[in-house]
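Structure 1 and structure 2 below are the same protein chain in two forms, each given by itself as structure tokens.
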Structure 1
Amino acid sequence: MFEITRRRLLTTAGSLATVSAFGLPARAQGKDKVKAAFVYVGPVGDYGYSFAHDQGRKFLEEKLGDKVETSFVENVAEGPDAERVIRQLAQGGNDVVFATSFGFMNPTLKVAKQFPDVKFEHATGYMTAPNMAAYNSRFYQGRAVLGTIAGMMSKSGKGGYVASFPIPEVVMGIDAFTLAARKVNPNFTTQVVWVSSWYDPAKEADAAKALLDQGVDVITQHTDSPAPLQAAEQRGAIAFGQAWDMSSFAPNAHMTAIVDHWGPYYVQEVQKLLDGTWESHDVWLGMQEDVLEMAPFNPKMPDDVKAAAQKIVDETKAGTYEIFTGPIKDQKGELKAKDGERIPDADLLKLDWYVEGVNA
């Protein structure tokens, strides 16, 4: 099992009030078997974010065998529907519910108040309570690898970004991608199109085509279907998968992808429930913990590009590379981080501005 690195909580009045309402956290009782449920924002067949979480669920079953029983609900809309589903899972005798999308945060917290004996874990958010933990991945580390490749391979110096919602996680990825690309090509620009959905193949494809029509020759996405990749494949552009290796959908366009490897974390958390050692926590994991990986590089990538991309991976794992290290300026040219200054995690987790070179 890998070691979890704690990060500073984002403190809000709401989260403080929640903790107060619950009282002090307590350790879970040990169990012979754990019943675990997963809530996905998209279909398990998206071959992206929800697919990756479901691969983690299957990994959990494989590693713990008859000590765990799992179930999942897919295509759960963020909002009231999520609250209904999470409540049903809590009522259904599950020991732990993993709610895997940012928009599930408030519904999960509300249900957690009503079921203090059930454990809840929320992915990509920041609210916690004695029976609710938060876990996240440093997706932006992988975006820096993608940006490096884009900066080196783009002939136009223009990248397109198919984005879901302007939440800090997505803004962070856009900024990391652009910062890395501009380290290679200082004139590189990133054009963003928002689709207001995590999974909508038609909208994602239309967004990618619109970007390609504007002269971009690299497509990046923070949405979950292979549609943008397929659009890039048809137009002879390069592109990157989202959350999983999507190369089978676009063997020529797909250069690599960020791969979300949630399985070891799920094994660790369920084992804690079995042992009676589970406690609420707030963690931000990444390449160093092997929660974030890169898919194999396309053999068609030039050797110098592969070497540069691998160097980012190796240095990130070693802790010697951090993309959010100054000098960094925003779109208006205002200095946001001085030379050698690293933007702290607490600021990254509420990031709401774009770096130079982003058109969003």
Structure 2
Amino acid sequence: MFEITRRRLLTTAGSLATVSAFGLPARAQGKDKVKAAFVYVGPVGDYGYSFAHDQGRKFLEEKLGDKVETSFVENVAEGPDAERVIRQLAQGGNDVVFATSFGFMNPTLKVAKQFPDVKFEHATGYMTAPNMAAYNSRFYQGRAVLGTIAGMMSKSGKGGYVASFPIPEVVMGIDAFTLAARKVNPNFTTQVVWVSSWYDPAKEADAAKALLDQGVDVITQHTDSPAPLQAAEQRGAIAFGQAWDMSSFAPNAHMTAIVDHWGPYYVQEVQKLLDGTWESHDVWLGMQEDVLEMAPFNPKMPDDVKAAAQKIVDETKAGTYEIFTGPIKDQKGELKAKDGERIPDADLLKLDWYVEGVNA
């Protein structure tokens, strides 16, 4: 529903275009204390996307102590309401406003133009201004780790994927997961069930159960509730957490999770403001920058699987592993990336095709 836009709807052709046509960069000057405000699209209690951003805010407070003062507004609807909230925060003496949802992009840009002395940071979008930066996370790197574990641990060679909407962000995850799984088990297939919602625990659970009925023994998800994990736990399958360590919901099924770890980035940006070195930018961060982490591996995971998964993490951090490196074939068997060729970021951000082995 309307929540589609809340996420990283990066389809737009001008994905990487920047809006920085005017003005000189704001003059650098340090500060003794920075007031930072955060705007969330969901409740901080969603135990998922907004929760993870709020953990980042807490991390920031913890690290910088009395040099930073933070506040947040949750459940902000995208659109005119967001503009009002962001403007209020800018007027309220904040030095920087972090707008954490895709749909806040245009309102943030609008307010940024009116408040040249306040800095704005927008997550998962593509527009920037001299005082507005963009930041995003390479969630797909974590999907490759999950795929490796799934490929090695699945007995049936069939994985189930509870997914929200077929937008590039989600397609990217499905493809990365499947590519990685097929590297260790060439016959691995991924069955996708779309639930057309980011958050509907009942339907997510039913989708996971339907997949398990069809013989998959691995459940992974790109929706926000721990419901699919609980279904996997009940049936003795394995599964992965989403956006945060969800092992408390499924101590046996939960192998690991992709944890959004925005904290270090927030610390870095506020530190720049303190130092007076902040500049507008557009970054797509990942494991190398510690924005993305894997939750601790389940002790029940076999050692060779742990080692293989850790290897992917280490190599991704070292910059030597990139899952979207050819040869990559699509569902029809057509070669999309030649041997050794890497799919460019611009193409990933508008990805709309599935790799071989995906049934979506």
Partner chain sequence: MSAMLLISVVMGIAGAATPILIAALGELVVEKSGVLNLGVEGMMLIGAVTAFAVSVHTGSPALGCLAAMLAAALSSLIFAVLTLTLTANQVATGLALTIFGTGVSALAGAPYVGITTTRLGSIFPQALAEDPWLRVLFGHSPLVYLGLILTFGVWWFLARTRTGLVLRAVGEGDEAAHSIGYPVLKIRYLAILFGGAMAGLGGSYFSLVLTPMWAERLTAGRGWIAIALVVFASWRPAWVLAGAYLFGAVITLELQSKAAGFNAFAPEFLSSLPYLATIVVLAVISAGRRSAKTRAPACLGRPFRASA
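Heads up, when I say rigid core I mean the largest set of C-alphas that superpose within 1.5 Å between the two forms. Sequence positions of structure 1, starting at 1, serve as the residue numbers. Keep in mind it's a predicted model, so treat the numbers as computed, not measured.
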Panel number for the form predicted on its own: 1
Location of the hinge, rigid-body rearrangement between structure 1 and structure 2, from 164, 237, 285, 178: 285
Relative rotation of the two rigid parts between structure 1 and structure 2, taken as the smaller one's turn in degrees: 16
Per-residue CA shift, residue 122 (Å; core superposed between structure 1 and structure 2): 3.5
